[in-house]
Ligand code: DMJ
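Let's start with one chain on its own, the form predicted alone, as structure tokens.
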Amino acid sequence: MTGDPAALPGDAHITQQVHAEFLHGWHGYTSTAWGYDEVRPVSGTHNDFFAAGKTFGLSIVEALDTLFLMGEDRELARCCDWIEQHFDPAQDADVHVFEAVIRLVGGLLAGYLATGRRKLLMLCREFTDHLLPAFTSSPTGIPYTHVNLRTGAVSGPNVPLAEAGTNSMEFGLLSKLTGDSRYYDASLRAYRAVIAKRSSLDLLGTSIDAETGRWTDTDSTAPNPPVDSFYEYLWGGYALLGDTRLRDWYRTLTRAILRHQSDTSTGHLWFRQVDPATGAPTGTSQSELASFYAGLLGKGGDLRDGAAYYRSWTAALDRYPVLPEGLDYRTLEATDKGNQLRPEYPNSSFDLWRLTHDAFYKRTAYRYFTAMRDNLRVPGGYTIATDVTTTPMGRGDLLPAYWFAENYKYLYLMFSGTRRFDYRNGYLSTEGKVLRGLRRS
């Protein structure tokens, strides 16, 4: 797959394949789980993502801008109609703030940008207002992990780093569209509280107490979860909003990660876990979720390191037809043999292809696509893997809603050249939502 680009089918043919497979998954959802958060395609049932017995139509919200980009305007209108009639932003439910921001706030914003339907923006603002107590009730400004949408009651003071800072893009754009600064102000207050706690080496820990501002897990584990998108949103917030404070924080922290956590002892670039005070190594685990970091490094100006890290993950893909959730990078042995239909590898494929137009990224992205199709496609759509090391591959029974927002969107954008996207200035969130660059006729 890394040889002659002529070995690839033509872009138009791949575009048709990607589109058809997306629709296969979409129709699997709409035929058995319409109006619910997620589909279980093997059993033909549904899954409530945020709270048992509550639905936000998560897959519908996640799919909005993907349907737009693929020209599925009738399905897009159907989704918007459902949201306007059924989406309840004040349910009596404790929701995970981080997931609510990147999935629902981001999805409604992207849906509004795709369609211009003002009700989507109104619902987005109302929903975000019900999330804000997680920020405003905190003594430090670092958001609690959960909030009850109806009562405003907060819980979860032990906050993973990503959950403290993955909101600048959605909150900043919402403030811009509404003229209400409360959302972006809340995001910046949380950032300041965390950045102030960096070590003398400019490294951050893994989790922090929202009430005291003290680290509860001090190891620096970037770019692994649960810290990953904290760094992504420093650069993304700058790229989307032009806030140079976010850019400067990103560069300071990234320099430290590259200096103290890079490990090329295997012949590939990986990132070890370290003590942030001393830089002493503490671990060699790598999560598939971290593969997004290749694209982020490229966008942030470290293209050489980004390309090297992408090739590290491509070496792992040489070993496993579908990437495992986790591995020990010294041996590439899987430490978590499942796969949750993750999109981070093609996310980096897309980011690095946009920067370089190197056909290598198209070839490797297409290999990712065919491996998913060949191993995780089921009659009712696509499903997660329980063990990627067996033949046939062990399968579960869930199509995560982010599949509709991310995996095939990156692939479609790489191969389609759609006029509905601004390839020069478009920018996507960590959840694959196009927050700038959608082109409506």
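Note that residue numbering follows the sequence shown and begins at 1. Here the structure is a predicted model, which is why all the values come from computation and not from measurement.
The same protein has a further form, the form predicted in complex with this ligand, not shown here; the description that follows concerns it.
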* Tell me, please, which stretch of 120-128, 97-105, 356-364, 180-188 lies within 4.5 angstroms of this ligand in the predicted complex when heavy atoms are compared? => 97-105
* Asked: Is the gap between G165 and this ligand in the predicted complex 4.5 Å or less for some heavy atom pair?
  -> no
* Report whether the minimum heavy atom distance between Y402 and this ligand in the predicted complex is within 4.5 Å. => yes
* Asked: Is E406 a contact residue for this ligand in the predicted complex, using a 4.5 Å heavy atom cut-off?
  -> yes
* Within a 4.5 Å heavy atom cut-off, is E344 in contact with this ligand in the predicted complex? -> yes
* this ligand isn't shown here, but in the predicted complex which of L289, I195, C80, L241 has a heavy atom within 4.5 Å of it? -> L289
* Asked: Relative to this ligand in the predicted complex, which residues of 403-441 have a heavy atom no more than 4.5 Å away?
  -> E406, T430, E431
